[in-house]
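Before any questions on how it binds or moves, here is one chain, the form predicted on its own, in structure tokens.
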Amino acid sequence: MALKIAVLAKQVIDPEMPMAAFRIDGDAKRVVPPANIPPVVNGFDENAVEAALRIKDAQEATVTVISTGAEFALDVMKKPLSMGADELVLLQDDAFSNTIDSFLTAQLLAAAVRKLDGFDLIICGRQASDWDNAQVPLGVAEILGLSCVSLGKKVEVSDGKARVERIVPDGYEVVEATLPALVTVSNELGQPRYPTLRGIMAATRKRPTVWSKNDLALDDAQSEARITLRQLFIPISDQECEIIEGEDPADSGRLLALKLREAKII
């Protein structure tokens, strides 16, 4: 029986775009997508796709990519399909625009997993490059009652268990989790594979499954946002530099100490 793998992926603003193109709408409290720079699949989520495809290369498996948001660029979100994933499920609704709310996002993704009759293994990127919260995978694991192994750099499946090489500050440790389980991976897993021409052509012929809020059968408590964004702005960095000069290094040090004492820093 083929192993069922889900990969949770997110569409994000390209983190490599120049700062000059970064804009925030303070009134709407949102980041304005730059018109001339397309979004991308979150980098850590591409690592997650690669981890799933390596398992698929080693044994019979199907890989389904699930994403949630208010609006998608299909050419972008089809990249995992061109890499080798089998299916793409998009949870698309104006009600899903609050991507900073990790609880709501986790509820939506968990509902999609349940609707798809569950998976043997769920693989996620360690965090998203836009808000950097790293909370959604843990929330999905909690909601679905799955064990969670974080920060994997290698994932293998055998004998009904996921064997994960998990990053720790001074190396890595090997952790095993009985399936079904959820694993988050980091960029230490290695470079994701490039889509092949054959894969790109196959992806253009595949139609993603698109579900709205009504398709997920969530009650009010599950679909209610828990976070209210009060203000969003680009911090203003205002720095001044004063050069302290003395007759010699010792005198410069004495004058610097006096300045620091006047400023009540020392």
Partner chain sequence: MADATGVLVIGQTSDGALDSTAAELLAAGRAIAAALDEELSIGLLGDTLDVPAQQAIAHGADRVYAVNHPLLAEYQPDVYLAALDALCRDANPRVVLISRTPEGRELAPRLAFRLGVGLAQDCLEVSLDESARTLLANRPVYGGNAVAVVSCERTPQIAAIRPKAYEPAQPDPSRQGQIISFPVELDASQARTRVVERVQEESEGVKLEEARVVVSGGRGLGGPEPFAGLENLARLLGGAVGASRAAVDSGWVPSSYQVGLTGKAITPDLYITVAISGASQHMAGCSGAKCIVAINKDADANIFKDARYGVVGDWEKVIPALTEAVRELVDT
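By rigid core we mean the largest C-alpha set that fits within 1.5 Å across both forms. Residue numbers count along the first chain shown, from 1. Note that this is a predicted model, so its numbers are computed, not measured.
Beyond the structure shown, there is the form predicted together with the partner chain, which is absent from this document and is the topic of what follows.
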| item | value |
| --- | --- |
| In the model of the complex, segment of 149-157, 116-124, 90-98, 76-84 with a heavy atom within 4.5 Å of the partner chain | 149-157 |
| Partner contact for R226 in the model of the complex: the partner chain, 4.5 angstroms, heavy atom | yes |
| Touches the partner chain in the model of the complex: D27 (any heavy atom, 4.5 Å) | no |
| V31 within 4.5 Å of the partner chain in the model of the complex, heavy atoms | yes |
| Contact label in the model of the complex: F72 to the partner chain, heavy atom within 4.5 Å | no |
| Heavy atom within 4.5 Å of the partner chain in the model of the complex - residue from M201, V210, A58, I234 | I234 |
| Sequence-ordered residues of 241-266 touching the partner chain in the model of the complex, heavy atom within 4.5 Å | C241, E242, I243, I244, P249, A250, S252, G253, R254, L256, A257, L258, K259, L260, R261, A263, I265, I266 |
| Core-aligned C-alpha movement of G246 between this form and the one not shown reaching 2 Å | yes |
| Per-residue C-alpha change between this form and the one not shown, P38, threshold 2 Å, rigid core fit | no |
